[in-house]
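What follows is a single chain, given as C-alpha cells, in the form predicted on its own.
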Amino acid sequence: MLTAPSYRSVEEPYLALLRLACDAQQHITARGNAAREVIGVSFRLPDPRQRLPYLASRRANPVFQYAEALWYLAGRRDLAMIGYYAPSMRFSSIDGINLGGSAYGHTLFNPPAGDHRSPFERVLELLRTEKDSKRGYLPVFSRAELAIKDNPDMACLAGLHLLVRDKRLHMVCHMRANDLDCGLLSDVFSFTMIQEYTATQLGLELGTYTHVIGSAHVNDHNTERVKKVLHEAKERLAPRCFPFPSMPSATTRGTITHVLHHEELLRTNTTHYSAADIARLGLAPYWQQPLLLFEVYRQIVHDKTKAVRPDVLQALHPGLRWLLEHRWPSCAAAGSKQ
C-alpha cells in the first residue's frame, strides 16, 4: 500500500504504532531520553471527528485536550493558561512566561513580522479563490529555532497542508517527531479540531486527516504504561465507540473568544457554574462541552472536591464522561449518585 492506511478512529493507529515501536530494533537517546524509534510512518482518519481513544489504562485527559486545542485556535503562547492544565509544560519555557516552538497556534493565527495578516488568513484566502490549490501549506517549524542554543521547546509540528477537493477539506499533518504514548493523541485531537474549524470558515464538509511522522518513538520510561494499554486492547471483547458530534457551521473566531472568556473565569476560580448556568451562556451545545469539562477541573483543582457535581457530569457527552471517570475516579462516584 502506497497511501497511508485508514483507520476508523485515532485509537486504532495509536495502538498499531505502539506495537510497532515496542518491537522496533532502533534505540535512540536524544537529549537524555532513551526511546525505541520507528522512522517514517503515517496513517489516515476518514472521519477526523473520531479523535478520542477509549482505553481505561491510558487515562486520556479530555480537559487538557480541549484546553490545548482552544489555546492553539486562539493563537496564544502564554503559560498562564496552558500551564494550569499541564504544569509540566512550564519546563519547556525559556522565560517562564511564554512557550516557543510548541505554541503552534501563535505561529498559525498571528501575523508574522512585517505582515498584517496571519498565515491562516492568507491560506483561507487562497483556498477560497484558487480551485484545487496545492499551495495551502501552513509551515510551523522554523529554521530560526535551530539557532537557539539548547532550545528546550522546538516545534515538533513541521506544518499543516490544507487541500480542498470535491467541496471537502482534507488535511495532511507533517510531524518531525512524535512521542507516540504522550504527544500523539493530543496532537491529533488539536490538529483535527483546527481542520474542522477551517472547514467551518470555508463552508466545506470535513475531509480526511492524514498524519505523517518522521521520528515515531516511545520513551523507555513509559514502557510499563504502554504494555498495560496494549494488554487491555488485546483482552477486551470490542473497542468502545462514542461518536463525536460535528462542530457547528456557525463557529467563528468570536465563538472561540467567548468560550475562552468563561474558561478564564473558571481557571482563575472567579466563578463556578452549574450545568444550567452553562446552558444559559449563549453557546451552542457543542461548545458547552469544554466549559463543562473546565468546571469539573475547577472543582478538582480549586475546591479539592472528592465528589464532582452530578449535574455537570450528566450534561457531558457520554464519551467525555467515560474518559473523566477513568481519569478521576471521583467523577465516577459522583456520576453514580445521579
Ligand code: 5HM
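In case it trips you up, residue 1 is the first one in the sequence shown, and so on. Note that the coordinates shown come from a computational prediction; the quantities given were computed from them, not determined experimentally.
Here the subject shifts to the form predicted in complex with this ligand, a form of this protein not shown in this document.
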For this session: Within 4.5 Å of this ligand in the model of the complex, counting heavy atoms only, one of 127-135, 237-245, 177-185, 114-122 shows up; tell me which.
Result: 177-185
For this session: With heavy atoms only and a cut-off of 4.5 Å, decide whether residue 217 touches this ligand in the model of the complex.
Result: yes
Exercise. Would residue 97 count as touching this ligand in the model of the complex under a 4.5 Å heavy atom rule?
Worked result: no
Exercise. Taking heavy atoms only, is residue 280 within 4.5 angstroms of this ligand in the model of the complex?
Worked result: no
Problem set entry | this ligand contact at residue 156 in the model of the complex, heavy atom, 4.5 Å | yes
For this session: Let me know which residues along 43-65 have a heavy atom within 4.5 Å of this ligand in the model of the complex, or say none if there are none.
Result: none
